[in-house]
Ligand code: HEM
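Just the one chain here, the form predicted on its own, laid out as structure tokens.
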Amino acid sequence: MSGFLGTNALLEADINLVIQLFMGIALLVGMMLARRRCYRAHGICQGSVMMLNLVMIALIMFPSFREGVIPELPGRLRNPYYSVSTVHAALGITAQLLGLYIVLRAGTNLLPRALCFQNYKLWMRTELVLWWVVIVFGVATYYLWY
């Protein structure tokens, strides 16, 4: 079934792109909530985005990458179709893992003391910037693929 954005993309790809952009906006809203000292709402917002992204990775992004890119690696990395999507995947995995680490640190007491950070702003701002870099690579991947 074809998508709704006017490209040759599948419906799943269009849905994923739109949801990823909304999640990026939600992370910016979460940042504004933190600046207003609404920490509970901030945590719910950011944590929800992290969990939703896990679903999107599992249902749409990983299967697509596994079928369309991995079989051609490393031989076709000079081709932007493969290199841009591979960079997107590598940065995306990094952003997701970092985000989950931050959620664990900020929202639970599950981490050992040695793995806890104190400078929340630095870690969270780094994550926000990384997330938006991943979104840019995701949009580039969508463009190259469809």
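Keep in mind that what you see is a predicted model, and the values were worked out from it rather than measured. One rule holds for the numbers: they count along the sequence shown, beginning at 1.
The next section is about a form of this same protein that is not shown, the form predicted in complex with protoporphyrin IX containing FE (HEM).
Checklist entry - For L77, is any heavy atom within 4.5 Å of protoporphyrin IX containing FE (HEM) in the model of the complex, or not? => result Although protoporphyrin IX containing FE (HEM) is absent here, L77 would stay clear of it in the model of the complex, with no heavy atoms inside 4.5 Å.
Checklist entry - For Y39, is any heavy atom within 4.5 Å of protoporphyrin IX containing FE (HEM) in the model of the complex, or not? => result Contact check for Y39: no, nothing within 4.5 Å of protoporphyrin IX containing FE (HEM) in the model of the complex.
Checklist entry - Is there a heavy atom of Y101 lying 4.5 Å or less from a heavy atom of protoporphyrin IX containing FE (HEM) in the model of the complex? => result Y101: no, not in contact with protoporphyrin IX containing FE (HEM) in the model of the complex.
Checklist entry - Heavy atom to heavy atom, is F62 within 4.5 Å of protoporphyrin IX containing FE (HEM) in the model of the complex? => result Because a heavy atom of F62 falls inside 4.5 Å of protoporphyrin IX containing FE (HEM) in the model of the complex, the answer is yes.
Checklist entry - Since exactly one of M51, M31, I44, I57 fits, which has a heavy atom within 4.5 Å of protoporphyrin IX containing FE (HEM) in the model of the complex? => result If I apply the 4.5 Å criterion carefully, the residue I get is I57.
Item to check | Proximity to protoporphyrin IX containing FE (HEM) in the model of the complex (heavy atom, within 4.5 Å), stretch among 31 to 39, 104 to 112, 91 to 99, 117 to 125 | outcome: Result of the contact check: 91 to 99.
Checklist entry - Across 20 to 50, which residues bring a heavy atom to within 4.5 Å of protoporphyrin IX containing FE (HEM) in the model of the complex? => result Only a single residue, Q20, comes within 4.5 Å of the partner.
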